[in-house]
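Take a look at this single chain, the form predicted alone, given in structure tokens.
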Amino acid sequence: MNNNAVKELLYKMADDALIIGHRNSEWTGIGPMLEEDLAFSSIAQDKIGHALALYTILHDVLGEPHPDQLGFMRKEKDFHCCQYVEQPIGEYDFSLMRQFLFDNAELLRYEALTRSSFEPLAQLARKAKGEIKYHVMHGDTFMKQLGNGSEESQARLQSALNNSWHLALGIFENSEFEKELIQEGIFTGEEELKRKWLEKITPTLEAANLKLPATEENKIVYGGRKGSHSEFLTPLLNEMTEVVRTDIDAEW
């Protein structure tokens, strides 16, 4: 097994989960209605739990630093998250669209990983996919309800989809170890994941009266997997690690 290939996969999954978990948590107390306040808070808690589980595999199985160090002590350039998860929460329509697009991709990723040849990841995937199913159910439901609501709600969702599209496609940025991951049966690969994702989200978007934007390859936002991030990540990390940095040697 190529340890570097597995590490890269785990890091990008963990970092995605940690950062979008933090972003989703920012809706706590300010959701547009109580149901959504609770939903985004619950999804955030699950995401951060998934990040911890992945960091723990990196530490316990692959010899990487302690999960607390991985989550709180790395610099921006050392994170492997896609730039989509870094974006501020914006208006509710943007956050809802991100939750829908991201979690549909994550569910398919975890479902594929239940058959991974790397057993610690396969075990986690079998557990985590059950939680992510509820995240997908949430996003799919609200897409259809708001897409079939008023003219304004449908228009706002379409605008959020248009603004999200090329960021969302950055989720599927290929790893330099893509061939190894596929050949060794660790993961089916980003291109296969993107194909299944498009098949999954298209009927839901159509049911919500939304049109899939045209894809312009030169506009897809890549770089996050290789440490190139938006201007939003460093302020987020500073906020997220503020308490830890008051005493880096403390035991919490």
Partner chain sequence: MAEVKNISEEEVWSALENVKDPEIPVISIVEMGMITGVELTSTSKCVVTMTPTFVGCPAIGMMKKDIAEQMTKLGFEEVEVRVDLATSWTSDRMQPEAKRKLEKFGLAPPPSLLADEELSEEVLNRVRCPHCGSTDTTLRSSFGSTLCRAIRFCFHCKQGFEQFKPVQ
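Numbering follows the first chain given and starts at 1. As the structure is a computational prediction, the values presented were derived from the model and not from experiment.
One more form of this protein exists, namely the form predicted together with the partner chain; it is left out here, but the text below deals with it.
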For this session: Tell me the stretch among 154-162, 170-178, 71-79, 125-133 that has any heavy atom within 4.5 angstroms of the partner chain in the predicted bound form.
Result: 125-133
Exercise. Does any heavy atom of Asn209 come within 4.5 Å of a heavy atom of the partner chain in the predicted bound form?
Worked result: no
Exercise. Just to confirm, Glu26 within 4.5 Å of the partner chain in the predicted bound form by heavy atoms?
Worked result: no
Exercise. Would Ala53 sit within 4.5 Å of the partner chain in the predicted bound form, counting heavy atoms only?
Worked result: yes
Exercise. Does His138 reach the partner chain in the predicted bound form if we count a contact as any heavy atom within 4.5 Å?
Worked result: yes
Seminar exercise, completed: Interface check vs the partner chain in the predicted bound form: of Gly49, Gly31, Gly227, Gly185, the one with a heavy atom inside 4.5 Å is Gly49
Exercise. Though the partner chain is not shown, can you say which of Leu38, Leu62, Leu198, Ile220 has a heavy atom within 4.5 Å of it in the predicted bound form?
Worked result: Leu38
